[in-house]
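Two separate entries follow, structure 1 and structure 2, each one form of the same protein chain as structure tokens.
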Structure 1
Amino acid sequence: MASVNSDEWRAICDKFNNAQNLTEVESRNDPENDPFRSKYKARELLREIYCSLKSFEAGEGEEESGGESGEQRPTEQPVDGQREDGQGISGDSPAGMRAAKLGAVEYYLGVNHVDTEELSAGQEHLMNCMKLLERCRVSSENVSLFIHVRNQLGILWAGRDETEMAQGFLETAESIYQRYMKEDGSPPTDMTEYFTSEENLLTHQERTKRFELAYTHTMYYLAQVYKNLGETERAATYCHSTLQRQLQLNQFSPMEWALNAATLSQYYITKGRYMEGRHCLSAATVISGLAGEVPSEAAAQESETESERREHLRQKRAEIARCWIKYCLNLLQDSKKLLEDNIGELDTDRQDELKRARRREEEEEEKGRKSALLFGSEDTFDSIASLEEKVLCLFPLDFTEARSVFLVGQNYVTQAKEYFQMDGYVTDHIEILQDHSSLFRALAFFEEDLERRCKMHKRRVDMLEPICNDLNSQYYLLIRRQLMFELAETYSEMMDLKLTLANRQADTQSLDNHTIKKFNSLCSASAKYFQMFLDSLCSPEGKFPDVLEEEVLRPALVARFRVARLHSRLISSVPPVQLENLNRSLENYKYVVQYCEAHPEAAAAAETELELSKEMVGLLPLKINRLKARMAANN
């Protein structure tokens, strides 16, 4: 190998620097009709470097190294990346350094071919790099290359949906890193330093940063692999660690990092780990702020760059706001499940029990915070902690606590709607409205004052009803069905609340006309929306399907049952109207029973409704006959 001070070696170093510049800088300006021009030039320089290295090697009497590529990973390569017998060439020996330098050029040629979408050639060069390193023991001189090449092969195989192959390379890279840090730990040589003059070698600090960044990439790719393998908890752990390392190394794009943290929060929420979910979201909000202010509309109109930046920042921050909405909504809903009795009302004994246990939970939360992997640097940690303090991560146990969570959620609803407007983002806008409605519904559970609870449900109707009636069924049929069903249920809840309030003041026989009118109005509105849902299932000719699709089976049977129940509850003093209501009620109860008899597999979808329908099919004819007899007697 030529002396590091020789002219030949300096020429190689210059070519390498030019290749790096072409790849990392010049390629950004390549024209659309020749997108890889700079990378092709870099490839030629790398090939020249490879030939020069081989000629040096031949001049020194070295044997040929490298070899043919194999599709499969070398079977003799053990998990820790070293030879099983503990032998092999020392990484800092002349032969070890020659192998590392040739391996590095193979590595860069491999990455170059992958970047230009020549995957098979890329794989061949990367595997050549692996074969060159097989002869060597891991050391500070080559450990970085050991990890980088496996990272690239992991990405390559993952891109081919060969997830387990990718897993093998990446887990080996992880093991190599962990063993090296345990047994040596000194800042290792970076691959670029193989072709750098002595005066331009990296500082120990820069070496450490680059090495840790390579391992951060290993963790990031492993997170994707574990996600694709369905190992969600492991994926979340690796994702969390990756995000933390990116902050520590100051190697991240604020908005991309923030969105990844917000997405990770949704995993924690589904697992009921609200402390971690809140921490991810608080960090996401703070870090997204590092991206700067959103350009004004005026600035966006004057500059295309500013326009794109405005759009990017507004969209990503709105998406983070939507993750906050889900956090608040799920926290309230999970708390409701803990506190409700068998009829869906607040269980005060359970509430008292949970309040007594609250102190212990707070202590556990504090311990959890100390043991958790927290995001942040000296600059951001306090801001993240401050934001966390503004929202609970323990289950709210009364109206005051629930309202504090609700208000945070409602604030993010406002933020999200500023970007996801009805004009342009119909589906997103409606989903946000549905979440807002669900926030009101969850809060209403904690409200003891029935009048105020009724007003919360009225707010839900006011936000959803105009949208439902204005939407075009041809394009938004599924969304309309969702809205119809929710409106029907909301009116039904309001009807029950009004009746409960009236019964507290007098018995049912003594209801005043105003109360009866209000009750019937809510009852009819609920029945109307359930019927609209059922009508939406009909063919263009208006025929109801003989066989219900699986996705609408339960909703359709429940809607029929609820329509039956609502018609039987309408209050009227006019016998013919009473008879009409009872007949319509019986007709819908019969449908539920007859459909489940004709399709026995459907019974499991609505067991409770079927049982009650059978009971009512037996009882209602008696009631109808008594009413008919009374009407005949009066005539």
Structure 2
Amino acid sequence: MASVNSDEWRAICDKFNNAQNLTEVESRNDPENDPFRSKYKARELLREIYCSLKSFEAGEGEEESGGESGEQRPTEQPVDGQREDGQGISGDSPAGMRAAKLGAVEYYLGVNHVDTEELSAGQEHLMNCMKLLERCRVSSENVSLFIHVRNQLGILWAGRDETEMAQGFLETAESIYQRYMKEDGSPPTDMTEYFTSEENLLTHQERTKRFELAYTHTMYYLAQVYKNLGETERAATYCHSTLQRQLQLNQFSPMEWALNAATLSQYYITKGRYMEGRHCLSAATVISGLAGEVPSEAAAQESETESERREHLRQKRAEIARCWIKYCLNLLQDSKKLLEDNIGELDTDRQDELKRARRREEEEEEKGRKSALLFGSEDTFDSIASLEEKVLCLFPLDFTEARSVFLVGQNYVTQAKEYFQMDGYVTDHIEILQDHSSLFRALAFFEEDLERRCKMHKRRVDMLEPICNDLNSQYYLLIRRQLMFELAETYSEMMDLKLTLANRQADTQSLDNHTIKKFNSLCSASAKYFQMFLDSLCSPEGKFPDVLEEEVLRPALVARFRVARLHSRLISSVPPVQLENLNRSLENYKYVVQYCEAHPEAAAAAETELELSKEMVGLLPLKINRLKARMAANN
């Protein structure tokens, strides 16, 4: 090996720097018709370096027939020949250093060939690098190369749809990193330093940063590999690690990071893991704050750049607010599921039981899981923690707790609406309103006072009704259908509450006129919206479809059934009106029964409704006939 200060060696270092510069800087300006010009030049230089290295007197260890031994390893062997026995040349011996240097050149040649779309040649060079390293023990001199070459092979194999191969290389990289950090952990040499003069060596800090970044990439590639393998749980963990490492290494752009963390929170909440979800969201909010102040409207008027920045920051923060809304909403809805009995009312025995259980679990569980999860760098850690404390991550078990979650959610509704205004963002704005309405609905479940519960549902009606009526039905058909259904159900809910209240107050069975009027108007409003939903399924000529599309099958049958029930519940003392109501009711029950007879596969979509409809189709005619007989007798 030439001495580090000889002229020959300097020439090699210069060539290497040139090659790096060609690859990273010059190549960006290559002309369209010769896109790899600089890369080809760099390749030549690397080949020259390789030859010079080979021609230096060999160190210990036999000569490698570099480049020619491109034989594939047989596939039944493990993908990655990483030795676990710790045998081999030590990394800092002359032979070890020589192998590492040659390996590094092979590595750069491999990457170069892959970049210029010569995959199999690239693979060969990368495998040569692996072979050279095979003879060495992992040490601070070569560990970085160990990781880099496997990252590249992972990318290469994934590109060929050989996901398991990619997985093998990347998982080995991961275990090499972990072992190195456990056994040595000193800032390792960066591969570029093999070809720099003494005075240009990197600082420890810079070494650490580059090494940690390479490993972060390993995490990032593994996240993708696991996603492609369908192992979502594992993929999520690796996304999490990637984000965490970006923060620690201070290698991130705040808004992008924040959006990624907010998106990850949505994964956790769909899995019912609220502690993780809350942590991601708190971190997202704190880190998005690092992106700076939103420029004022005045500033945005002045300059295009400021205007774009204002738009960007406001939008992304509103998006994060919307992720928070979903957090609060899901948390409330999940607790409701836990606590409700079979008619959807709060089951107090379950409530007591859960409260006792929570006290037991709280301490142990939280400590264990929490430590595995923390995001943050020294500066942001505390702000994230204090933001987390503002909202529960355990299931709220009574009205007070539910209300505190509701209020946080409602606060984010206000924030999100500031950006996603109705004029300009119709769909987004309505989605936010729908969430707001759902928040009220979930909170109402915890409210014991029926009068106040009714008021909450009234708030939902006030929120959604005007929009449902204003929306252009051609462009917003799907959203309108959702709104109609929700309004229909909300009115039904209010109707039931009013009736329960009236029955409690009146000891006798007879209701006063005012109450009857109120009840009937809620009942009619509910029927009106169910009917409106059904009408939205008709053709422009007003014909109801013979066959219901799969995604509206259940809602349509349910709407028919509910219309039937509502008509039979309308209170009237006038026999002809009664008769009319009962007939409408029968007609709709019949529809459900007949449709399911004609399309047996539909029965599964609305089992309970079908069963009850059959019963009513049997019973109602008797009732109708009795009424008719009474009417005839009275005439």
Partner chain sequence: SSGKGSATNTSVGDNDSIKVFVRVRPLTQGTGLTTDGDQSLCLTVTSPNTIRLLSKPEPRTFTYDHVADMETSQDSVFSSVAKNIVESCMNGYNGTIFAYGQTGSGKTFTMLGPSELDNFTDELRGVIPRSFEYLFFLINREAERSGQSKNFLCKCSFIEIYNEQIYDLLDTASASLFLRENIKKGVFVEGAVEKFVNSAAEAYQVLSMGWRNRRVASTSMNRESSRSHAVFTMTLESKESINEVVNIRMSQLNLVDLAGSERQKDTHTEGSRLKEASSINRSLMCLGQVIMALVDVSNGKNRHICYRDSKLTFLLRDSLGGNAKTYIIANVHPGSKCFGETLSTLQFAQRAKLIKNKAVINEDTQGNVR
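The structure presented is a predicted model; accordingly, all values stated were derived computationally and were not measured. C-alpha atoms forming the largest set that superposes within 1.5 Å between two forms make up the rigid core. Numbering for residues begins at 1 and runs along the sequence of structure 1.
The form predicted alone corresponds to structure 1; structure 2 is the other form. Remark: the rigid domain rotation between structure 1 and structure 2, smaller part against larger, is 21°, computed from C-alpha superpositions.
Relative to the superposed rigid core, Val225 shifts its CA by 3.5 Å between structure 1 and structure 2.
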